Structure formats: C-alpha cells, structure tokens
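Presented below, as structure tokens, is a lone chain in the form predicted on its own.
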Amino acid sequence: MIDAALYLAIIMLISLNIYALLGGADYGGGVWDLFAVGKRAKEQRELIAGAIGPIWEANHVWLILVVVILFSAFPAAFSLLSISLHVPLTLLLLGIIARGTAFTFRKYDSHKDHVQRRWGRIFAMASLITPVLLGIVVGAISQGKVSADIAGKTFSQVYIDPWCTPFCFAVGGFALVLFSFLAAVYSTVYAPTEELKTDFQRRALGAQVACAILALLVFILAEHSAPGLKDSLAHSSWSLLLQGATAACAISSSIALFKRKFHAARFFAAGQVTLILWGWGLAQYPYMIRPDMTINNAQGAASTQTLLLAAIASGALLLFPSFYFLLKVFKHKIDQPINK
C-alpha cells in the first residue's frame, strides 16, 4: 500500500511538471524577449507579452503548492534546503519578483522608449537568470553535497559548495534551454503571421539542438558529481524505455517543426519536457535530497499528511476548473490554427 508521504511526493512532482510546462514557457518567453531582433522585433515582443499576460501570475500556483507541501509534509527536507541552498533559493525568489514587477510596470508605466527599455531589460534578464537558478537547485538536490552536518564548517562549505559546481550550472543551463524551447514552440502556434511563425520555428529548432548538447553535458558531468543519479538513469529497468520515449518525442517535435505542424510540435515538446522531469524524479527516488534524506526520513507527522491530502483533494475541485476556465477565456482565440 502506498503511504501518504509517497502520494504527496508524487503530487509535488506533478505540480513541478505543470509549472515547467506553463511557468517554464513564460520564462522562455522572457528569454526570447531579450533576443528579439530584426524588423519584427516589436511584433515578437508583443506576441510574447500577449501569450504570457493572461496567466503568468496564475502559473506560480504550482510552485507555491510545491513549497507548501514541502514545509508541511517534509519539514526536515525544507529545513535542510533552506539552510544549504539559502543563496540560490533567495536569488530565485528575487528573480521571480523582479520578473513579475518588471512585466507589470512595462505594461502600465510610461510608454516612453527609455522607460520601456529599462523595464524590458529587467524582465528579460530576470527571465534568463531565474530558470538557471531553478536548475541549480535541482542539480544540488541530486548530486549529494547537501548535508545537515554544518558544525565546524566555513560559510563557503555550508552555503556555497553544495550548489556551486559545474554539474549544477549545467543543469541550470539545461533548464534554461528547455524552457526557451517550450516558449519558442508554443509561439509558433500563437503567432498570427507566417513570418512570425518562421521566426519562432527557427528559434525552436536551435533551442532543440542546445537541449541535446546540454543534456549530454549533464550526463557526462553526472559521472563524477552525481553518480547515484546517473546509475539510476543508466541501469534501472525503466530507464531504457523512458529514454527511448524521450528521444522519440524530441525527434517527433523536431520533424513536426520542420513540416510546420506546429500543434503537433507543441504536443511532442510538452511530452519531451514531461518525460525528462519524470525521468529525473524516478532516478531520484527514494531520495528527496541525496545522499541520505529519503521520502521516509524527511516526512513529518502522519496526521498532517492526511489533512494535507484532504486539503489538496478539495482544493483541486476548485483549482482545475478555474484554470481550465482561465485558459479557455484567454487562450482560445490565439490557439486556433491559421491554416487547415
């Protein structure tokens, strides 16, 4: 029988999955806002703002849910992460705040060119840095340097060394290019003209190549930095099937992009990101934080977990219909294909 702690861990991974597919694409949109160039740069930025605008705040619900489950159901893990990863987590939160603030003020502040450029730069740079920090945190959780034993250690050993490694930065870069890939693929669907579709088609294909390169780099660095994670990915009974499915989604999304089948490309791109995330989750199991904090020894009171599961179940009855309605209202028109 699956216990409540494992159910909650699965819900956390599902929430992260949704956050990656929705909020991650928003970060990627900010990256393309930064690199909008050419005679259609203004139209590219307007497309990105129009795609992000209706739901960018709502997407953070999924990250908030992860944090709430973590500190309520797994207080030992929350405490450890708050100490050892205090620096990247604080910078991550500041990046989220700066990004949202800049996006709002760019919309409602003065429309003079210098004001718009200032807010645009803050929005784009925060969109660039924040997913890297998110990936760094994931890398730190996976590589096994996070420790509760801080007695006699220096500031650097406690707060810097657990995450300031080539492996963690490679995972951060991988998160950035994945989110950029998603945003470019989504934009091919939302773009109102064939020229804009072509712009983002090229960016999506370039980002897909970058994804392959960064994925290989992460795998190579894991040999030394995260051997337990790599062993799970390489030798588990499910790994070959999952890696094959991920590769199939990546190839299918690329083929669909080449053929300008953008709705199909979006489906396979979302599947690619989903399989990558769940592959990490399966490889990480049963650890919440390597090398020795598992789901079992990180969990809190059983009564808290039961109440939390009940609250999540009842909240889902409101959350999912609300999200569906939000997407239906704001995304319906731009999500229609132009060509039959």
Partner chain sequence: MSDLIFARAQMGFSLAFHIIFAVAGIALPLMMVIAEALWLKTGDEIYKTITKRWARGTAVLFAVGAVSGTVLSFELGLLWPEFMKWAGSIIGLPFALEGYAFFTEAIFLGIYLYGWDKVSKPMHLLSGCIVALSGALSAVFVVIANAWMNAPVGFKLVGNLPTEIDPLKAMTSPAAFPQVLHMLIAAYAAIGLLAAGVHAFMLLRDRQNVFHRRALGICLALGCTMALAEPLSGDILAQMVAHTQPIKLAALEGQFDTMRGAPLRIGGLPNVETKQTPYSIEIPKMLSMLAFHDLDAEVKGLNDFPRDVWPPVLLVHLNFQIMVACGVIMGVVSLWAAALYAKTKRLPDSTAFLKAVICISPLGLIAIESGWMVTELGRQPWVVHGVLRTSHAVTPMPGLWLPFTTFLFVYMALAVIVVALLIREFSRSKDVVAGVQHTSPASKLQSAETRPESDHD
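Predicted, not measured: the structure shown is a model, and the values here were computed from it. Positions refer to the first chain, counted from 1.
The same protein has a further form, the form predicted in complex with its partner chain, not shown here; the description that follows concerns it.
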| item | value |
| --- | --- |
| E57 within 4.5 Å of its partner chain in the predicted bound form, heavy atoms | yes |
| 4.5 Å heavy atom contact, W62 and its partner chain in the predicted bound form | yes |
| Touches its partner chain in the predicted bound form: T101 (any heavy atom, 4.5 Å) | yes |
| Contact test in the predicted bound form: F105 vs its partner chain, heavy atoms, 4.5 Å | yes |
| Candidate stretches 153-161, 183-191, 200-208, 219-227, one within 4.5 Å of its partner chain in the predicted bound form by heavy atom | 153-161 |
| Candidate from F169, W238, F267, F71 lying within 4.5 Å of its partner chain in the predicted bound form - any heavy atom | F71 |
| Residue (of A234, A248, I97, A212) lying close to its partner chain in the predicted bound form, criterion heavy atoms within 4.5 Å | I97 |
| Check all three, L128, Q284 and P291, heavy atom within 4.5 Å of its partner chain in the predicted bound form | no |
| Sequence-ordered residues of 271-310 touching its partner chain in the predicted bound form, heavy atom within 4.5 Å | G300, A301, S303, T304, L307, L308 |
